[in-house]
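Next up: just one chain, as structure tokens, the form predicted alone.
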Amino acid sequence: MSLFLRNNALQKLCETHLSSLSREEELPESLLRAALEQGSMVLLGNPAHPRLEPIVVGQPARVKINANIGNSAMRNSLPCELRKLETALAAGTDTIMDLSTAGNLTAIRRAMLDACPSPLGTVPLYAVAQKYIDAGKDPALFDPRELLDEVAAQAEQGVDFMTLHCGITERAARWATEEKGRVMGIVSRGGAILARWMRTRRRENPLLEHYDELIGIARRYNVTFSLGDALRPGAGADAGDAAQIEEVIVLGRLARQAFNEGVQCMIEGPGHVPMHEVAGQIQGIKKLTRGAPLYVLGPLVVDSCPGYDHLAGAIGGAIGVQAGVDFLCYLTPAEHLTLPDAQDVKAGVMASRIAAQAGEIALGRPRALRREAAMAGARKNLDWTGMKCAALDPNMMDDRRGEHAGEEVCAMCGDFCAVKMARP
């Protein structure tokens, strides 16, 4: 049976938006429909999200960028988060994820949904764990019913995609911590909570045990599962270990089960991966998950550059895109250090957009090549307006040209301008 017949909400979205998405992506509508039917592409869009502008994720559609925002107990300001949301959208992100862990999370989420026409993602486990942490209790004490109710409430509220760490098993959690001696153990917050829950209860992952019910909730609202990488490597030395690979295998099976029951799925990927291993990791994950859209954090190819992790992630992201990554989650200069501010958010979005452009150039994508040709032509003619039109960040050109904006040449070369000097 067709995916669209199994998912009425998705069918209605396609009837309304597929034609415009086809024009935006410069791809035939038939190709988009076929990719959605195969599960190699997803259409992010919950009909309950007000003023939503749905997008498709999955190559050969344009590689998409996600920006994580959200407060913490140490820095908690909704106006600040809304400024970051506005900054991320202005910088060109395609989606937003609210990772807030403090305050009235329901009200914060509603404010973000109202302010964000792009798809919004969340991690429902955070909202459940917050209640226990705020009460001074162990977050691993939660009842599975609380988590299922939270997923349903967020879906009803309008969340478009959710990170659910369904693939971490009790065995793999042990491999990542007690038995195999990973350098960094578990670095996923959701993964750590679930590992603690399983260790405390001596039971299997509750998301795995209640997966059928999660599918029913998601299908009703066309919530896309972003099947989380709870055991992603947090250091290059841990990349590709048994714990990570077992989780990927489980995620592949879960993605196929959900798809067969009418729910769209993405797979979340690494993580910290040495540069020479990135392409192999991406291709392996893609194969194990039957080509489901792959959503990666980085990958970071260097562990030792705090303050510059957005650059380490952009290097890995560019290689990843060429190898098959569909969706890049940004990293900011604040990664591993503090909560990002608006300036960090813009830097992170731009680093990921550059990575996507680099990867798509390598893949020979027409849109990316047109931009490069336009920039080269404008530079040859010292056409600053043309350069600005071709730039990934036009505002940066205005900022850096500053007092010399009226000059034909840049302030670096001046009368030594090679382009001008070489003219006939």
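Small disclaimer: the values here were computed from a predicted structure and weren't measured. One rule holds for the numbers: they count along the sequence shown, beginning at 1.
Another form, the form predicted together with a further copy of the same chain, is not on view; read the next lines as being about it.
In the predicted bound form, a further copy of the same chain stays beyond 4.5 Å of every heavy atom belonging to Leu288. At least one heavy atom of Leu311 is located within 4.5 Å of a further copy of the same chain in the predicted bound form.
Contact annotation: Arg23 falls outside 4.5 Å of a further copy of the same chain in the predicted bound form, judged by heavy atom distances. Using a 4.5 Å cutoff between non-hydrogen atoms, Ile245 does not count as a contact of a further copy of the same chain in the predicted bound form.
Here the chain stands by itself, but in the predicted bound form one stretch of 216-224, 142-150, 261-269, 312-320, 312-320, has heavy atoms within 4.5 Å of a further copy of the same chain. For the options Val302, Ala279, Ala90, Ala115, the residue carrying a heavy atom within 4.5 angstroms of a further copy of the same chain in the predicted bound form is Val302. Distance criterion of 4.5 Å from any heavy atom to a further copy of the same chain in the predicted bound form singles out His336 from the list His336, Arg201, Arg253, Arg83. If you take 409-424 and check each residue for a heavy atom within 4.5 Å of a further copy of the same chain in the predicted bound form, you get Val409, Cys410, Ala411, Met412, Cys413, Gly414, Phe416, Ala418, Val419, Met421, Ala422, Arg423, Pro424, in sequence order.
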